[in-house]
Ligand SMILES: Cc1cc2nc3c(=O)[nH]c(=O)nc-3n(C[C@H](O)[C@H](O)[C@H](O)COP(=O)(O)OP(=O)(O)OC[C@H]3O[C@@H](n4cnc5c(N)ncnc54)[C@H](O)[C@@H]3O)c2cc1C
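Given as structure tokens, the chain that follows is alone and in the form predicted alone.
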């Protein structure tokens, strides 16, 4: 089989990239080891945080640039992908005032509240510092987003191959040969690798330049843990968000950062039967070699830490999880994304636990990078290049 572009991985990044290339009229083949938004990848489930609050201006600007892409996806796909929630940021290390300053610079609506003011508005939370509130945050449905992007890509002529685990990418003439685990081969002029937690293992078999890889060598994969806690009766949502399209949920998303741990939470969506909050410790799971090494076991010590946080900081939730799961975080040393290209081979890893919200923009930047066409697509920031200085 031959194709102009081969995109490896049909998660959020790969589906978005294939969709953008197909919309540009390019011949593209999207290859997935399992199925789109596969449960063993990083883009499954219905609950990810879409937020604007970052301590650096670049991330806030990129989120503002990504938001119209979400609206276009919902309109073209005819499917609701975002549930409005608003977002809270607090905690001794989180520094809500600094976050507010950056949002002010970019022109993102927000409020800075005292702990007492915030507690009066959100009694299901307990606050120990000032609190940043920005109302345009949301929960995004990752799996439905992938499905929508893939459907749009196929409608525009892309070819989707599932159940194909790419084991090797090698130079072949002026292009590349991709060999899957069952020996099947695909010839491609250009390759875009969006393999998420499977990237570290595949990197050893990619023809990238030696001595060029500070960001690549520093990639870490964690098997993160997430827990779902039921709302106390007085703090339950009156109806599920799916029954109230466009209505903001009672429970906002949040990030709390203390010297001990960083914790985030959000309404659980389908992942939790719309019955509670999804709460997790950021970078709290064990490090694994790659996605292939995940065992799906929940760490009891991690559970204890998260339960203790809920007991202290979420009085509106019962501190006993009714469901729990694991997921993958693929992290670079500086938590910036990895997006770079070398002579027809492009590696895309919008990772570090916060890439989902940028998905429509990731596809646009990746398509432009792979095609060498920055005139039609937003250029990739230098901060995402593989040869950037880290540390």
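Numbering follows the first chain given and starts at 1. These numbers come from a predicted model, not from an experiment.
Same protein, other form: the form predicted in complex with the named molecule, not shown, and the subject of what follows.
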Among the candidate stretches 304 to 312, 94 to 102, 161 to 169, 81 to 89, which one is within 4.5 Å of the named molecule in the predicted bound form when only heavy atoms are counted? 161 to 169
Of these, 251, 229, 133, 198, which has a heavy atom no more than 4.5 Å from the named molecule in the predicted bound form? 198
Please pick, from 53, 365, 31, 347, the one residue with any non-hydrogen atom lying within 4.5 angstroms of the named molecule in the predicted bound form. 31
Is there a heavy atom of residue 360 lying 4.5 Å or less from a heavy atom of the named molecule in the predicted bound form? no
Give a yes/no on whether residue 67 approaches the named molecule to within 4.5 Å in the predicted bound form, heavy atoms considered. no
Whether residue 149 contacts the named molecule in the predicted bound form should be assessed with a 4.5 Å heavy atom distance threshold; does it? no
How about residue 355: is it within 4.5 Å of the named molecule in the predicted bound form, going by heavy atoms? yes
Residue by residue through 1 to 25, which ones have a non-hydrogen atom no more than 4.5 angstroms from the named molecule in the predicted bound form? 8, 9, 10, 11, 12, 13, 14
